[in-house]
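Encoded as structure tokens, the following chain is the form predicted on its own, with no partner shown.
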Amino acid sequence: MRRRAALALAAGLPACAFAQAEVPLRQQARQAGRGFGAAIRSEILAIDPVYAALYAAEAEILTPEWEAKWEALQPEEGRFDHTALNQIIAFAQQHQQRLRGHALIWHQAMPPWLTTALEEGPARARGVLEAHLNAVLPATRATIRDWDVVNEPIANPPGSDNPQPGNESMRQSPWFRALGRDYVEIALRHARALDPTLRLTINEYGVEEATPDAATKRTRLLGLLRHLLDRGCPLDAVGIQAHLQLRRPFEAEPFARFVAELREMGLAVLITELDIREADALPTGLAARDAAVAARAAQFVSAAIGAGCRTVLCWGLSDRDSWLAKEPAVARADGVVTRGLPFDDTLRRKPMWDALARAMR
């Protein structure tokens, strides 16, 4: 409690502002041998000290939301800019937090020059991939020991992402078009060559819920993982994003079976981007809405932890800053702000916070 009061005072808040949560999630998770964290943006640290103090109190692990993506780190070929990422690194070091890197290879957050380079043939594509890793991994070696090396390589069913026969499982990203399925292996092997002890992670979404599309995507992801491991490709972990939607059903048993299968392959499993999108028809009143979100969080996280997952990260901490409120593609059409994170827009904890605490204990 004294630590939380000190953080509150450092942020200019009365000590009672954090009194409602005497033991933060990071501490409850750590006491159970687990890790809890959240994605963060550097501008929060610069303009919102109250929210920054909440991150310091609650999160043991931080994921830079944008600052470690390609367009942030290498906006022009050969010109690297770590300014924004270094702000998060400094914050993490100040508050004894670990960092995850997100994401080295992705089909979004690509500067225009990179899109052009990938269209210039396989040799050029491989060259820019390796040059990026050559610059980023040594520079972050002391502070980031886990990277999403490849983000979202799997096609969404029925395969419209990739119409090429025989390649329906892989997203037809610019990386795939340039290098084929091998781009995943190229990136993982090069990362391992640069840093033998770095945890190498593939991060994916859409594999969580009890729908035919999610089942298909789970099968596709397992197929890619088996292919990589059978070839002796280095890979240590799988990140499950967990952007959950209450309008879709969830069943603990098939999801837990999937997590267990990943663990049996020798891979660690992380929940990397947890948030919960409310249903199309909202219950009446905030209490009922928050209860529905908390129930899904408890069911999902309990299933993941029961099957061997030890790390849970949310995609932000507060509804104040959630992409569910700001991104048109996922925001509610009726203008209602989704309450899909553990703290509300006034930074008060919600039933989802309690659900996460119970599940991780």
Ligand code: 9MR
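Numbering starts at 1 and follows the sequence shown. Computed from a predicted structure; not experimentally measured.
Beyond what is shown, the protein has a form predicted in complex with the named molecule; the following relates to that form.
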Going by heavy atoms within 4.5 Å, which of 107-115, 223-231, 184-192, 244-252 lines up against the named molecule in the model of the complex? 107-115
Candidate spot 69, 273 and 323, all three touching the named molecule in the model of the complex (heavy atom, 4.5 Å): yes
How about residue 41 - does it come within 4.5 Å of the named molecule in the model of the complex, if we only consider non-hydrogen atoms? yes
Even though the partner isn't displayed, in the model of the complex is residue 60 close enough to the named molecule, meaning a heavy atom within 4.5 Å? no
Answer for residue 290 alone: is it within 4.5 Å of the named molecule in the model of the complex, judged on heavy atom distances? no
Taking the shortest heavy atom distance, is residue 201 within 4.5 Å of the named molecule in the model of the complex? no
Using a 4.5 Å cut-off on any heavy atom, which residues of 120-139 would contact the named molecule in the model of the complex? none
